[in-house]
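A single chain, nothing else alongside it, follows as C-alpha coordinates in the form predicted on its own.
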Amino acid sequence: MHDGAERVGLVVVSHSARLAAGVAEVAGQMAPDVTVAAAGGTADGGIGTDFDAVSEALARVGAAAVLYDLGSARMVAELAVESLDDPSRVVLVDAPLVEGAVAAAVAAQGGADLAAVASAARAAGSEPEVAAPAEGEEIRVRLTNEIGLHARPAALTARTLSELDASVTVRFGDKSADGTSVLALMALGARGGDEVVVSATGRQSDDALRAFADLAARDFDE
(Lines give C-alpha, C1' and ligand atoms only; values in the text may rest on other atoms or scores of the structure.)
Protein backbone atom coordinates (compact mmCIF):
# COMPACT_ATOMS: atom_id res chain seq x y z
CA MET A 1 0.00 0.00 0.00
CA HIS A 2 1.42 3.35 -0.98
CA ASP A 3 1.92 5.96 1.73
CA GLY A 4 -1.27 7.90 2.23
CA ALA A 5 -3.35 5.39 0.29
CA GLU A 6 -6.59 4.19 1.79
CA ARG A 7 -6.52 0.59 2.96
CA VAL A 8 -9.12 -1.55 1.23
CA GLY A 9 -11.92 -2.81 3.48
CA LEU A 10 -14.51 -5.58 3.27
CA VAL A 11 -18.28 -5.71 3.42
CA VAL A 12 -19.94 -9.04 4.20
CA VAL A 13 -23.54 -9.30 3.00
CA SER A 14 -25.63 -12.22 4.22
CA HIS A 15 -29.24 -13.18 4.71
CA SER A 16 -28.38 -13.85 8.35
CA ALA A 17 -27.17 -11.16 10.72
CA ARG A 18 -25.35 -13.78 12.78
CA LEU A 19 -23.63 -15.26 9.74
CA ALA A 20 -22.49 -11.86 8.48
CA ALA A 21 -21.21 -10.89 11.93
CA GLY A 22 -19.42 -14.22 12.35
CA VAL A 23 -17.64 -14.03 9.01
CA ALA A 24 -16.67 -10.42 9.70
CA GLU A 25 -15.31 -11.46 13.10
CA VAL A 26 -13.16 -14.24 11.62
CA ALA A 27 -11.83 -12.00 8.83
CA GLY A 28 -11.14 -9.23 11.32
CA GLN A 29 -9.08 -11.58 13.47
CA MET A 30 -6.89 -12.29 10.45
CA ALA A 31 -6.43 -8.63 9.56
CA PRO A 32 -6.56 -6.29 12.57
CA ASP A 33 -5.99 -3.12 10.55
CA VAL A 34 -8.69 -3.80 7.96
CA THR A 35 -12.23 -2.48 8.37
CA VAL A 36 -14.69 -5.35 7.93
CA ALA A 37 -18.37 -4.41 8.03
CA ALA A 38 -21.23 -6.88 8.37
CA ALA A 39 -24.59 -6.28 6.70
CA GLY A 40 -26.87 -9.20 7.44
CA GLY A 41 -30.56 -9.82 7.90
CA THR A 42 -33.53 -7.53 7.46
CA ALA A 43 -34.29 -4.36 9.39
CA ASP A 44 -36.69 -6.23 11.68
CA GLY A 45 -34.16 -8.95 12.47
CA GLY A 46 -35.47 -11.52 10.02
CA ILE A 47 -33.77 -13.56 7.32
CA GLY A 48 -33.04 -11.52 4.22
CA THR A 49 -30.95 -8.57 3.09
CA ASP A 50 -31.51 -4.88 3.67
CA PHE A 51 -30.56 -2.13 1.21
CA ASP A 52 -30.06 0.50 3.92
CA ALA A 53 -27.82 -1.78 5.98
CA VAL A 54 -25.62 -2.54 2.97
CA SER A 55 -25.47 1.15 2.04
CA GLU A 56 -24.43 2.08 5.58
CA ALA A 57 -21.72 -0.58 5.56
CA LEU A 58 -20.35 0.67 2.24
CA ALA A 59 -20.29 4.23 3.53
CA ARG A 60 -18.42 3.14 6.65
CA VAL A 61 -15.77 1.13 4.82
CA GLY A 62 -15.03 3.26 1.75
CA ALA A 63 -13.01 1.37 -0.87
CA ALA A 64 -14.20 -2.20 -0.42
CA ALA A 65 -14.55 -5.70 -1.71
CA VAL A 66 -18.09 -6.99 -1.14
CA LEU A 67 -18.74 -10.68 -0.52
CA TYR A 68 -22.21 -12.17 -0.29
CA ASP A 69 -23.88 -15.49 0.46
CA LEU A 70 -26.75 -15.84 -2.04
CA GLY A 71 -27.82 -14.40 -5.38
CA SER A 72 -30.45 -12.10 -3.93
CA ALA A 73 -27.84 -10.67 -1.57
CA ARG A 74 -25.76 -9.82 -4.62
CA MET A 75 -28.72 -8.01 -6.19
CA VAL A 76 -29.22 -5.86 -3.09
CA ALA A 77 -25.49 -5.16 -2.95
CA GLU A 78 -25.47 -4.18 -6.64
CA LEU A 79 -28.27 -1.67 -6.03
CA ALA A 80 -26.39 -0.21 -3.06
CA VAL A 81 -23.19 0.10 -5.09
CA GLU A 82 -24.99 1.75 -7.99
CA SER A 83 -26.31 4.41 -5.61
CA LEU A 84 -22.79 5.44 -4.56
CA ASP A 85 -21.24 8.65 -5.83
CA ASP A 86 -18.23 6.63 -6.97
CA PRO A 87 -19.18 2.98 -7.63
CA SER A 88 -15.64 2.25 -8.88
CA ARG A 89 -14.47 2.23 -5.26
CA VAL A 90 -16.30 -1.05 -4.69
CA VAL A 91 -16.01 -4.50 -6.27
CA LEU A 92 -18.56 -7.27 -5.84
CA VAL A 93 -16.73 -10.57 -5.55
CA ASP A 94 -18.12 -14.00 -6.39
CA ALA A 95 -16.21 -16.17 -3.92
CA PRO A 96 -16.80 -18.59 -1.04
CA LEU A 97 -17.98 -16.38 1.78
CA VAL A 98 -15.72 -17.50 4.63
CA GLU A 99 -12.61 -18.49 2.67
CA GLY A 100 -12.95 -15.50 0.37
CA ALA A 101 -13.33 -13.06 3.25
CA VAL A 102 -10.27 -14.46 5.01
CA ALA A 103 -8.12 -14.36 1.88
CA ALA A 104 -9.30 -10.85 1.00
CA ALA A 105 -8.71 -9.58 4.53
CA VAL A 106 -5.15 -10.89 4.61
CA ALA A 107 -4.43 -9.33 1.20
CA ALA A 108 -5.87 -6.00 2.35
CA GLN A 109 -3.86 -6.17 5.57
CA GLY A 110 -0.75 -6.50 3.43
CA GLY A 111 -1.62 -3.31 1.56
CA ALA A 112 -2.96 -4.84 -1.66
CA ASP A 113 -5.08 -2.63 -3.88
CA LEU A 114 -8.76 -3.26 -4.59
CA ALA A 115 -8.16 -5.43 -7.67
CA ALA A 116 -5.64 -7.60 -5.82
CA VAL A 117 -7.91 -7.97 -2.79
CA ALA A 118 -10.78 -9.09 -5.04
CA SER A 119 -8.48 -11.49 -6.87
CA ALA A 120 -7.34 -13.03 -3.59
CA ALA A 121 -10.96 -13.65 -2.60
CA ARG A 122 -11.79 -15.29 -5.95
CA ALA A 123 -8.71 -17.51 -5.76
CA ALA A 124 -9.98 -18.87 -2.45
CA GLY A 125 -12.66 -20.70 -4.42
CA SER A 126 -10.12 -23.10 -5.93
CA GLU A 127 -7.86 -25.73 -4.44
CA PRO A 128 -4.70 -24.22 -2.93
CA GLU A 129 -1.93 -24.32 -5.48
CA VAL A 130 0.94 -26.67 -4.79
CA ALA A 131 4.02 -24.51 -4.59
CA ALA A 132 7.21 -25.65 -6.27
CA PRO A 133 9.99 -25.82 -3.71
CA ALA A 134 12.05 -22.64 -3.75
CA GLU A 135 15.61 -23.40 -4.81
CA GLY A 136 17.73 -21.65 -2.24
CA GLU A 137 18.45 -21.67 1.44
CA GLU A 138 16.20 -23.67 3.70
CA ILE A 139 15.63 -24.24 7.38
CA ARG A 140 13.74 -26.78 9.43
CA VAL A 141 11.39 -25.40 12.04
CA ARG A 142 9.45 -27.31 14.69
CA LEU A 143 6.10 -25.77 15.53
CA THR A 144 5.63 -25.47 19.29
CA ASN A 145 2.27 -23.70 19.40
CA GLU A 146 -0.66 -26.06 19.92
CA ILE A 147 -2.58 -25.41 16.70
CA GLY A 148 0.38 -25.06 14.36
CA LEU A 149 -0.16 -23.31 11.03
CA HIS A 150 -3.88 -22.76 11.29
CA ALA A 151 -6.06 -19.65 11.18
CA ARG A 152 -4.31 -16.75 12.92
CA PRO A 153 -0.77 -18.21 12.81
CA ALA A 154 -1.13 -18.80 9.07
CA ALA A 155 -2.51 -15.30 8.57
CA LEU A 156 0.32 -13.74 10.57
CA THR A 157 2.88 -15.75 8.59
CA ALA A 158 1.36 -14.79 5.24
CA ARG A 159 1.20 -11.10 6.18
CA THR A 160 4.79 -11.06 7.42
CA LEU A 161 6.29 -12.85 4.43
CA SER A 162 4.29 -10.85 1.88
CA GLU A 163 6.11 -7.72 3.04
CA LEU A 164 9.49 -9.15 2.02
CA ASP A 165 11.12 -9.41 -1.40
CA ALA A 166 11.40 -13.19 -1.35
CA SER A 167 9.70 -16.30 -2.69
CA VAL A 168 9.01 -18.60 0.25
CA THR A 169 7.85 -22.20 0.25
CA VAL A 170 6.73 -24.07 3.36
CA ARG A 171 6.74 -27.86 3.14
CA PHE A 172 5.16 -30.41 5.44
CA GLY A 173 5.29 -34.04 4.44
CA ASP A 174 4.49 -34.28 0.74
CA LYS A 175 2.65 -30.93 0.69
CA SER A 176 4.06 -27.53 -0.25
CA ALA A 177 2.56 -24.08 0.18
CA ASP A 178 3.31 -20.55 -0.88
CA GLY A 179 4.36 -18.80 2.31
CA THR A 180 2.23 -15.76 1.47
CA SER A 181 -1.03 -17.72 1.04
CA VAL A 182 -2.96 -18.13 4.28
CA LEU A 183 -5.27 -20.79 2.83
CA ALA A 184 -2.38 -22.79 1.36
CA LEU A 185 -0.54 -22.68 4.69
CA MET A 186 -3.64 -23.88 6.52
CA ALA A 187 -4.08 -26.68 3.97
CA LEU A 188 -0.69 -28.13 4.95
CA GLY A 189 -2.29 -29.42 8.16
CA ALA A 190 0.86 -28.80 10.21
CA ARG A 191 0.09 -28.81 13.93
CA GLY A 192 1.99 -28.29 17.15
CA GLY A 193 4.99 -30.60 17.37
CA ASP A 194 5.27 -31.01 13.60
CA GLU A 195 8.41 -29.98 11.72
CA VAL A 196 8.16 -27.92 8.53
CA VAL A 197 10.82 -27.12 5.98
CA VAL A 198 10.99 -23.50 4.87
CA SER A 199 12.95 -22.51 1.77
CA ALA A 200 13.38 -19.10 0.19
CA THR A 201 14.91 -17.32 -2.76
CA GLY A 202 15.15 -13.64 -3.62
CA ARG A 203 16.80 -10.50 -2.35
CA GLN A 204 15.42 -10.87 1.17
CA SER A 205 15.49 -14.65 1.42
CA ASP A 206 17.59 -14.59 4.59
CA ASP A 207 15.18 -12.11 6.17
CA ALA A 208 12.24 -14.31 5.21
CA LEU A 209 13.72 -17.43 6.78
CA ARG A 210 14.65 -15.50 9.89
CA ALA A 211 11.16 -13.99 10.09
CA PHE A 212 9.50 -17.40 9.91
CA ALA A 213 11.83 -18.82 12.54
CA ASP A 214 11.15 -15.84 14.81
CA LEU A 215 7.38 -16.22 14.44
CA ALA A 216 7.58 -19.91 15.32
CA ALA A 217 9.89 -19.22 18.28
CA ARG A 218 7.35 -16.89 19.82
CA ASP A 219 4.45 -19.28 19.02
CA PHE A 220 3.04 -16.90 16.40
CA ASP A 221 2.08 -14.46 19.17
CA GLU A 222 -0.61 -16.75 20.52
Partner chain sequence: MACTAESVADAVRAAAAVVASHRDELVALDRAIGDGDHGENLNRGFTAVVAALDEGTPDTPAAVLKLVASTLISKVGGAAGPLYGTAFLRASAVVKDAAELGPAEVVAALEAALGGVVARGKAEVGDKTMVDALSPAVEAARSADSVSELLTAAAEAARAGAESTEPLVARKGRASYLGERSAGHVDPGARSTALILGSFAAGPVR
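Computed from a predicted model, the values in this text were never measured in an experiment. Residue numbers count along the first chain shown, from 1.
What follows is about the form predicted together with the partner chain, which we do not show.
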| message | Is it true that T49, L70 and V76, all three, sit within 4.5 Å of the partner chain in the predicted complex, judged by heavy atoms? | response | yes
| Would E82 count as a contact of the partner chain in the predicted complex, using a 4.5 angstroms cut-off between non-hydrogen atoms? | yes
| request: Please run the contact check for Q29 against the partner chain in the predicted complex: heavy atoms, 4.5 angstroms, yes or no? | output: no
| task | Consider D174 of the chain shown here, and say whether it contacts the partner chain in the predicted complex, taking contact as heavy atoms within 4.5 Å. | result | no
| Exercise: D44 in contact with the partner chain in the predicted complex, heavy atom 4.5 Å | yes
| query | With the partner removed from view, which of 178-186, 51-59, 192-200, 158-166 is the stretch that lies within 4.5 Å of the partner chain in the predicted complex, judged by heavy atom distances? | reply | 51-59
| note | Contacts from 170-204 to the partner chain in the predicted complex (any heavy atom within 4.5 Å), listed N to C, are none
